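Below sits a lone chain in structure tokens, taken as the form predicted on its own.
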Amino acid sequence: MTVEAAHADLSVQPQPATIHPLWLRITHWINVVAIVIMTGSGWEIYNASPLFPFVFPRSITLGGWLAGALLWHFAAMWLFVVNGLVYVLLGMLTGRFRRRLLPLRAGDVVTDTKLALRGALPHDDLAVYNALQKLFYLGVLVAGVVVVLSGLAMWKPVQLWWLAALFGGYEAARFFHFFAMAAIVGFTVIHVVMAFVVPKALRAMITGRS
């Protein structure tokens, strides 16, 4: 085969399909930064008035003290909110949420859970989400809404009295906020573990292609 023929042959090779569009990758990595800052500063805020008989090690908190942690927390919160709104809006307008996250059937969740426990859950096509992925992604979206709304209720319990009342008052909003944060952190840990189990998933989130 001549060099010209080889080049011509390469030119007609199909290019890998885009799995994650640019807007998704940008919002994903911005979200990583926002969540890391919010979590570290949130743990420092929690330590100032613990809900449970434990505190987080200072080595994994951010802010140094309550006031510093609050500054970091609110800065990251607005980044999280704006970035989240862009992500959700584009996810709906492009139809990505409908294509990737729906339908979600209980039977499929049970089946895929059994496969996952046996280590037999397939990851061949990154463009197709299994039922567990759908469940976790929808769940973390709900947790994100709860963590923001409960945080606003704690921040302005008088001005946003109706929002605080929706959560059962200021103290109850703290529990909602804590458990929503725990859900997001738990999702993030699983997400990171899966990135090592399925390395091509991480490459796809960087390049857009597998």
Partner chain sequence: MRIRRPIPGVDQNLLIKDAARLLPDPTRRLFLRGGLSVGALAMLTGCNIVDGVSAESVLRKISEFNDGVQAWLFDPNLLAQTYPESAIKRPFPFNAYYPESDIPEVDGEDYKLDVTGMVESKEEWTLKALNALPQETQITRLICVEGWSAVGKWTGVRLSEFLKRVNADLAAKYVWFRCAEGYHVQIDMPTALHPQTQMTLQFDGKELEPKYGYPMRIRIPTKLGFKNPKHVMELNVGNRYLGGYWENQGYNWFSGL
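Quick caveat, the model's predicted, so the values are computed rather than measured. Positions refer to the first chain, counted from 1.
Beyond what is shown, the protein has a form predicted together with its partner chain; the following relates to that form.
Is Tyr87 one of the residues lying within 4.5 Å of its partner chain in the model of the complex, judged by heavy atom distances? No.
Gly63: touches its partner chain in the model of the complex, heavy atom cutoff 4.5 angstroms: Yes, Gly63 sits close enough to its partner chain in the model of the complex that at least one of its heavy atoms falls within 4.5 Å.
With the partner left out here, check for me: in the model of the complex, does some heavy atom of Leu104 sit within 4.5 Å of its partner chain? Result no; Leu104 lies far from its partner chain in the model of the complex.
Under a 4.5 Å heavy atom criterion, is Arg174 part of the interface with its partner chain in the model of the complex? Close contact exists here: in the model of the complex, Arg174 approaches its partner chain to within 4.5 Å, heavy atoms only.
Residue among Val33, Val145, Val185, Leu166 with a heavy atom within 4.5 Å of its partner chain in the model of the complex: That would be Val33.
Has each of Tyr137, Ile190 and Met194 got a heavy atom lying within 4.5 angstroms of its partner chain in the model of the complex? Checked in the model of the complex: no contact with its partner chain for any of the three.
Using a 4.5 Å heavy atom cutoff, which residues in 184 to 210 contact its partner chain in the model of the complex? It's fine if the answer is none. Residues within 4.5 Å: none in this stretch.
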